[in-house]
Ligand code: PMP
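Let's start with one chain on its own, the form predicted on its own, as structure tokens.
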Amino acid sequence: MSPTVLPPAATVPAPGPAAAEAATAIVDPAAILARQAARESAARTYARSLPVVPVRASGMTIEGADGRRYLDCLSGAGTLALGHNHPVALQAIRELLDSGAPLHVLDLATPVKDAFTTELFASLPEEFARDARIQFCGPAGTDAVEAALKLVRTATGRSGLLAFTGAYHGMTAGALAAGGDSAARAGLGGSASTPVRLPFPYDYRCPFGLGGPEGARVSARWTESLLADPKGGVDPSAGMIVEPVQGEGGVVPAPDGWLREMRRITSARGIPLIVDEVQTGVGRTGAFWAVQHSGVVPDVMVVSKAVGGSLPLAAVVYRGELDVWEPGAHAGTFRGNQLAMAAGAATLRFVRQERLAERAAGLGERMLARLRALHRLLPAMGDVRGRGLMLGVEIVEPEADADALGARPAAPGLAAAVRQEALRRGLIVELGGRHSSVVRLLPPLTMTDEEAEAVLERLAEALDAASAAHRTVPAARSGVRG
């Protein structure tokens, strides 16, 4: 396959003197990676599985220090809605820098913030935006989750929280406690057991052994029964937090009907519904906000990643009646990131004007169809799922026995091999899911048809190569039952 060609150098900004000096010093990627391993913490993640040293990037193409070019289907974990160095975002950043406007303003009012907030509210469901309030917080999605949890606890006077199996909401204490990864919560002590964990519908590995609409119906029934049971052990709930598509949990979309049931159940009990749109927002799933697929209007929406136009920005948006905070009840030194607001407003506007959500819906459906056709040929592909340009392929032990629903044991070792084979072919993907056995695709919304074809071809080659090697080394298999 011919390598992907970067756009002309003129589309990438010329580096300043310091950057140019650093670029010319990059002659040994292995040495840079070795110094990183020696100096950075053991908590580093992507750098372990993706030993790439990026020096240039444009669109969905990254050029490494070794001269190799990669198609990036990680996109900053979904942050880069328009890909790397998109001209719209770069122009907004340059204009702000050239204007002499302050870059750090805490929560002071500025024309830049006003423009961003106006653009963000214009993108929200009309019924939600009509009386919405916004709180800017620290620059990461997990900061906005913490703000949302504090908000609903303050507004309701309750402390309980309803969360879901497989969830991921960030890495700070409250967000971790709401997540479904017990290993990640290990250091939290007693706070990790506070939320009530509810079953999230997951067709391929249905917790009730049913799958499909029936599995989702039982999940909703379980939730309603538990909340109605005076002996169920559920503390009065301040809120329910849910992802419309579980990302880190393995690209598991919430069924629209089930999400509407969660809205009905919470509304009937006066429980605020918090929708975590950190990864699903800004057109990623084929609607501007993933919750719009179901028609559900939440009480609270958590936003980050793509809203900053590739720069750090996070906020919580919520119904006005919940706005009972005292001044200073929640803060964050970097909540006034003017560069991110300028880039974010330009990105939100571009996604809306260019109808990139609709583009993601159509291209995502075509990619899903191709992957499902491949699924019928490769037993290592246990399931293919997703919404818009948020796609997942669950990797399983190809020769193991299936359960009653047709699911075979997860194969994290094989999934890691697929990721490495993809990297060898110039394709960057990451893993997620219950056993890190789901290959995740999060390409930019600006991906072309030709790039989509190249992604599918390289992924198919990687799946085939990893599967062939897996068959010849049976001792290396490490299937895990879901």
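Residues carry their position along the shown sequence, with the first being 1. In this text the structure is predicted, and so the values were computed from the model without any measurement.
What follows is about the form predicted in complex with the ligand, which we do not show.
- Each of Ala140, Tyr168 and Asp276 places at least one heavy atom within 4.5 Å of the ligand in the predicted bound form.
- Contact with the ligand in the predicted bound form, judged as any non-hydrogen atom within 4.5 angstroms, is confined among 241-249, 353-361, 228-236, 206-214 to 241-249.
- Proximity of Arg387 to the ligand in the predicted bound form falls outside the 4.5 Å heavy atom cutoff.
- Not displayed here, the ligand is approached by Lys305 to within 4.5 Å at the level of heavy atoms in the predicted bound form.
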